[in-house]
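Coming up is one lone chain in structure tokens, specifically the form predicted alone.
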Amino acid sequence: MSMLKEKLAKIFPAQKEDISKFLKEHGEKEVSKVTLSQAYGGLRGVKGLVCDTSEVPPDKGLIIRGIELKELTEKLPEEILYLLLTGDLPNAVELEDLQAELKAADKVPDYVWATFDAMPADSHPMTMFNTGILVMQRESHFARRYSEGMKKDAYWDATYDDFISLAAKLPELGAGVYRKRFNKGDRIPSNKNLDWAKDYVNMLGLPDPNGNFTTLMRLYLTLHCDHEGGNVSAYTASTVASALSDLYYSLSAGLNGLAGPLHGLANQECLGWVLETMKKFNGAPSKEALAKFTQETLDSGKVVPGYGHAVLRITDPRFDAFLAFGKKYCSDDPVFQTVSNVFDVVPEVLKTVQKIKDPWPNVDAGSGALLYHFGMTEFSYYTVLFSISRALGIGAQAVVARAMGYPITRPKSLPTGAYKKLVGA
């Protein structure tokens, strides 16, 4: 048994007992009120889910297991995986053990590549990536053990095995999608001596002479790992998992949601807007020109991509981390300079629009420009990167939910006519 799984076997029973006592004492207390506007508005702001791995307070942004994101930007994604599951950061020995566990399971089966060969050459990268995950469902430890009569208290153990197996394979799977879909040549084999993110960069095959792209990828895969339980990908995955579908099914389902234009495609839309702006001004525009162009954009009924957030009311700390990276490693890049100038200008313009509650940038406002700087210019691939990172949070949430014995998700719905009667309309 790995050190991480052994630790979880010790801490989960106590956590489950604590939740049981908590519910017994306070289970009937009201924690949220739902208005008709919320019911018809996608349940925005309704407290009705449990996510033990992270939270997103409007005034602070992402907090992972009680630690604010700004304290985690120098950590490896493997350390974040450990933190998501246990609530603690690993020591050196625990990290090495987890990395060895991931390396032992990182081989993508050959039948996945054969499946890609059978797909149309112009298939979307997310279609290929999610298909690869779903095709591997035959590898599920949970599905096999459940069919053998596994006891409920072992559900988390089998889900953990699926999580580690999937997390180990996603960099190779994602890199394989990139090289095949964009005609980059043969797949590059995994290097067992490299950490999770560095090996991903290695398998992508993009130049990284000074290691800065690897530094960016470690940061990127950390920043996108989790964002509480109510976003489309996490909520979809947890709903599917609540039916005791294994992680291959639930992760694929969640990432299909991540592929939507209102969820995971935002970073490429933001970069597209920046490049269009630069084209209009034949290079990085001045702040004065940007302010005028922003107002023209708003006056035409369009939005400025990357600004505003459903939950946050501050600058997204993930954007802050990307901005700091850009200033350190590519401050002379005209695309990044435009992103930086947009940050200085756009919020002040948006503040003049009364209905805009959050004029500040979110994570997508800057990430695409950094990927573009390092040679990843294929916009449609960006969501695959997001998916590899978000799989850490989705997988951790699934393991914890199984350990705590959370039930199937089944909220009540009513037709409009019933709501009219309910409120006396």
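Residue indices: 1-based, along the sequence shown. For clarity, a rigid core is taken as the largest C-alpha set superposing within 1.5 Å between two forms. Nothing here was measured: the structure is a model prediction, and the numbers come from that model.
Same protein, other form: the form predicted in complex with a small molecule, not shown, and the subject of what follows.
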Any non-hydrogen atom of Ala121 within 4.5 angstroms of the small molecule in the predicted bound form: no
Considering only heavy atoms, tell me if Ala243 and the small molecule come within 4.5 Å of each other in the predicted bound form. no
Although the small molecule is absent from this view, report whether Lys302 comes within 4.5 Å of it in the predicted bound form, heavy atoms only. yes
So in the predicted bound form, does any heavy atom of Lys169 sit within 4.5 Å of the small molecule? no
Counting only non-hydrogen atoms and a 4.5 Å threshold, tell me whether Asp162, Ala237 and Ala253 all contact the small molecule in the predicted bound form. no
Consider the chain as shown here, without its partner, and state which of Leu262, Val93, Ala100, Ala114 has a heavy atom within 4.5 Å of the small molecule in the predicted bound form. Leu262
Could you tell me which one of Leu83, Ala266, Met136, Leu72 places a heavy atom within 4.5 Å of the small molecule in the predicted bound form? Ala266
Have a look at 30 to 38, 393 to 401, 63 to 71, 358 to 366 and name the one stretch with heavy atoms inside 4.5 Å of the small molecule in the predicted bound form. 358 to 366
When the two forms are laid on each other by their rigid core, does Gly87 show a Cα shift of 2 Å or more between the shown form and the other one? no
Once the core is aligned, please say if the CA of Gln295 is shifted by at least 2 angstroms between the shown form and the other one. yes
Answer yes if the CA of Ala253 moves 2 Å or more between the shown form and the other one after aligning the rigid core, and no otherwise. no
